[in-house]
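Take a look at this single chain, the form predicted alone, given in structure tokens.
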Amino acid sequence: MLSSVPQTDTITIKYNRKKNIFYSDKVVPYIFVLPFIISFLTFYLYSIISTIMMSFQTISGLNDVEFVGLKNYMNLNNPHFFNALTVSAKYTFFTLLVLIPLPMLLAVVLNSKMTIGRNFFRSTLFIPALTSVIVAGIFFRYSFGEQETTLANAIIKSFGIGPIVWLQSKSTAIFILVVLATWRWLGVNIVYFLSGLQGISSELYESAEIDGANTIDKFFKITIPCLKPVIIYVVTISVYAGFAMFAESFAYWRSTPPGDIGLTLVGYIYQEGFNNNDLGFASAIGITLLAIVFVLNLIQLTLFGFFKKESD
């Protein structure tokens, strides 16, 4: 009986230690982020390291791998790569040009209490984001067909313009890609900007009205500065999404666009990796794409002052 007392105390001490660890302010945050860290190390970091290694190799089979140094990166100096880079850059630029100001303006309108049926429009504009890109792509591919009776040609015919071969021309390829992207992601960006607008105090607008500010003054001097964190976030994910675009191009032209008119960097990775079985070269394109997106986002974050301290 006398020996059981210290044993019970020992068990109690161990239990309290475990309890203290799980209730510790220093340990608990790491426990919550542990699933993300494990998934990141497994599915992202390992994949990135493997891709970097593969970009310096020629892979002809599971056990037929040869180290080729920078040969895959030197092979990037070809017209297909620069065409894909141009298409991805143009697509990213025009999607930024449309999908930043347009959803911001619509969010301001939908945030106004004077807008009739704003909850209906909020829901309706988000529905395209829930639609499969392949299903939407098939609809848009037929809409931009070359016949006079297709939707796009029927619309421009009402303005006296003749039919256009939308899917066979470089000048229209970027346009139809941006139209599909706008249709899909407009509602998502509106949600981002609406969430930012909810956090702006109405007192700021009331004070501005007392000082004689009109609607345009309030938009440029209150709304846009207060939405700066949301704008930075939307620009960051838009740059990534623009250069990572593949599904829209695939939906229009499958994996081989005529004359490479809709070939993006990710589409080029798909062509080389799966159609031509050159995984080493495809990995080199992927690492180059990663570097481009990283540098561009670093530049835009610096321009927005993201890395400046509040005291600066």
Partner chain sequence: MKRTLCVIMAAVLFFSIALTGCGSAPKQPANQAQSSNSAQQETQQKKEELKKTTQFSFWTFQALHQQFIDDAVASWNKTNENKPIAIKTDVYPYDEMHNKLLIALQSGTGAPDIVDIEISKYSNYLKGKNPALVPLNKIVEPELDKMIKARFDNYAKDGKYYGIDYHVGAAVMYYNKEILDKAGVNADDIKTWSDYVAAGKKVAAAAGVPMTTIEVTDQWTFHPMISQQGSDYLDKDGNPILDNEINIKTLQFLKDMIYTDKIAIPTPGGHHHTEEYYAFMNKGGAASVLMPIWYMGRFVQYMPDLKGKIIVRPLPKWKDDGFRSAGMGGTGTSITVQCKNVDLAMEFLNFAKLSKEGAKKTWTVLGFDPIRWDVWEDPEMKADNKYTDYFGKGIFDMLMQIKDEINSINVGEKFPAAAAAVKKDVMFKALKEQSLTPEQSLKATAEELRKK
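Residue numbers count along the first chain shown, from 1. Nothing here was measured: the structure is a model prediction, and the numbers come from that model.
One more form of this protein exists, namely the form predicted in complex with its partner chain; it is left out here, but the text below deals with it.
**Student:** Between the options 35, 69, 29, 258, which residue brings a heavy atom to within 4.5 Å of its partner chain in the model of the complex?
**Tutor:** Checked against the cut-off, the match is 258.
**Student:** In the model of the complex, which of the listed residues (184, 118, 90, 170) lies with a heavy atom within 4.5 Å of its partner chain?
**Tutor:** It is 170 that has a heavy atom within 4.5 Å of the partner.
**Student:** At 4.5 Å between heavy atoms, only one of the stretches 141 to 149, 105 to 113, 223 to 231, 184 to 192 reaches its partner chain in the model of the complex; which one is it?
**Tutor:** Stretch with heavy atoms near the partner: 141 to 149.
**Student:** Applying a 4.5 Å heavy atom distance criterion, does residue 274 contact its partner chain in the model of the complex?
**Tutor:** Contact check for residue 274: yes, within 4.5 Å of its partner chain in the model of the complex.
**Student:** Would residue 266 count as touching its partner chain in the model of the complex under a 4.5 Å heavy atom rule?
**Tutor:** Close contact is absent here: in the model of the complex, residue 266 is far from its partner chain, nothing within 4.5 Å, heavy atoms only.
**Student:** Would residue 60 count as a contact of its partner chain in the model of the complex, using a 4.5 angstroms cut-off between non-hydrogen atoms?
**Tutor:** Residue 60: contacts its partner chain in the model of the complex.
**Student:** Does at least one non-hydrogen atom of residue 80 fall within 4.5 angstroms of its partner chain in the model of the complex?
**Tutor:** Although its partner chain is absent here, residue 80 would touch it in the model of the complex, with heavy atoms inside 4.5 Å.
**Student:** Are all three residues 64, 165 and 279 in contact with its partner chain in the model of the complex, where contact means a non-hydrogen atom within 4.5 Å?
**Tutor:** All of them do, each having a heavy atom within 4.5 Å of the partner.
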